[in-house]
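Below, in C-alpha cells: the form predicted alone, a single chain.
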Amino acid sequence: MKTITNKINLKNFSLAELQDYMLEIGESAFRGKQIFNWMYNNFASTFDEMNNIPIKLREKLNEIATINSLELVSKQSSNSTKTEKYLFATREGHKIESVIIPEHERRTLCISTQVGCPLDCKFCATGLMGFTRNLTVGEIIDQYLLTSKFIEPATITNIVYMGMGEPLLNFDATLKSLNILLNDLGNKIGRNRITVSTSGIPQKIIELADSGLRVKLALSLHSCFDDVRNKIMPINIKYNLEENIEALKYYAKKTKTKIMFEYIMLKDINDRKEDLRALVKLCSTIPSKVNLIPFNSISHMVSGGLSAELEPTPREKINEFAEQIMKKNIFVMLRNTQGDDIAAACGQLAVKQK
C-alpha cells in the first residue's frame, strides 16, 4: 500500500477557496488564480512547472501541498472503435477507471465518482466490486485533467458522470466538481455537454435541481415496474419509481431540461410488450428522451446469481422496440456498443481490488 501524506490537495479547492488558501499562508490571492490556471489550463502536474510563481512560494507549496490526486496506471485502446480506457490509482492504491468515447466531432469522457459502487445493480460490473469509498473532488477532477493530456490537440467535448459509482451518493464532491468545470473554468465545457447519471436518489435529485447548475440528468431506469426494478436494481426497494419520477418532474420543471431515461435491454426481463407500453406512458408524463442500450457482458466479474443469468435482447428486437417508441413522437437514442473488446462499454467498468 502506498504511503499517504497529510499535504493539502489544491485540486479539492474551488477557485475562490484556492485564493482564500493563498491568503491563509501569507500570499496574494492572485497566486491562487495563477495556480488554478496552471492546473486546469496548462495541466501542470508539479509546482516546479509553474514558472511564473516565485521560487520561494513553489518551495513552500512543495512542503505543505500537492496537486496530484491520481496516478495513471495503464491505458487501453479499442481496435474497433478507438474507445480508450484509463486505469488510475488513488494515493493509497485503490483503482478506478475512466473512458473516452470518440464519436464524429465529439469526445465524451465518462468519469467515476466512487471506488466501486454500493448499489449492486445486477447488470453492472462495478456493483460486483463492492464499495470502498467516495472519490474526492480532486480525484474526480483529475480524471478530466489527466485524460486531457493524452488526447491533445483534440479536446474533451462532453463529460458524463456515468463511470464507477453513484454520483448522487457522493453528492458534495460531485456538486463541487461540477461547479469547478462549469463556473471556475469559464464554460470551457458548457452545461448542455455535461450529464449526471443516477440510479435514483430522489432528495439528491431535488438538491441538484436547486443548485442552479442545470446540467443534463439521466435516470438509470431499465424498467417501469417496481417488482422488476427491485430485482435488478436493489436501490429501488429504498427509493421506488414513484418517488423518483416526482423528483424528476421537479428537476425537469426547475431546470427546463429533458430527462434522459437510460434503458439497458435485457432479454425477457424488460423488452416485453407491457414494458414498451409502460415506457411510452412514462415518457408522456415528463419531458424526456430514451437511450436504449444493448446489455454488455460482465463475465469478467460475474461468479453466479442473477447477474450470470442475464442475456442481451437480440438487436432486431431492440430496433423494433425503438421504432415503436418513435412512433409515439418520443426521441430515442439507440446506443452502439463501444469498447467492449477492452471491457470499457456501458456497465463493464470494474477493477478487482486487492
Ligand code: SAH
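Keep in mind that this is a model prediction, so the values were computed, not measured. One-based numbering along the sequence shown.
A second form of this protein, the form predicted in complex with the ligand, is not displayed here; the remarks below concern that form.
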| item | value |
| --- | --- |
| Per-stretch contact check against the ligand in the predicted complex, the hit in 94-102, 245-253, 155-163, 73-81 (non-hydrogen atom, 4.5 angstroms) | 155-163 |
| Partner contact for Tyr144 in the predicted complex: the ligand, 4.5 angstroms, heavy atom | no |
| Touches the ligand in the predicted complex: Tyr40 (any heavy atom, 4.5 Å) | no |
| Touches the ligand in the predicted complex: Phe123 (any heavy atom, 4.5 Å) | yes |
| 4.5 angstroms heavy atom contact with the ligand in the predicted complex for Leu135 | no |
| Contact assignment for the ligand in the predicted complex, among Leu61, Ile318, Ile67, Ile298, heavy atom within 4.5 Å | Ile298 |
| Residues in 253-279 close to the ligand in the predicted complex, defined by a heavy atom within 4.5 Å, in order | Glu262, Ile264 |
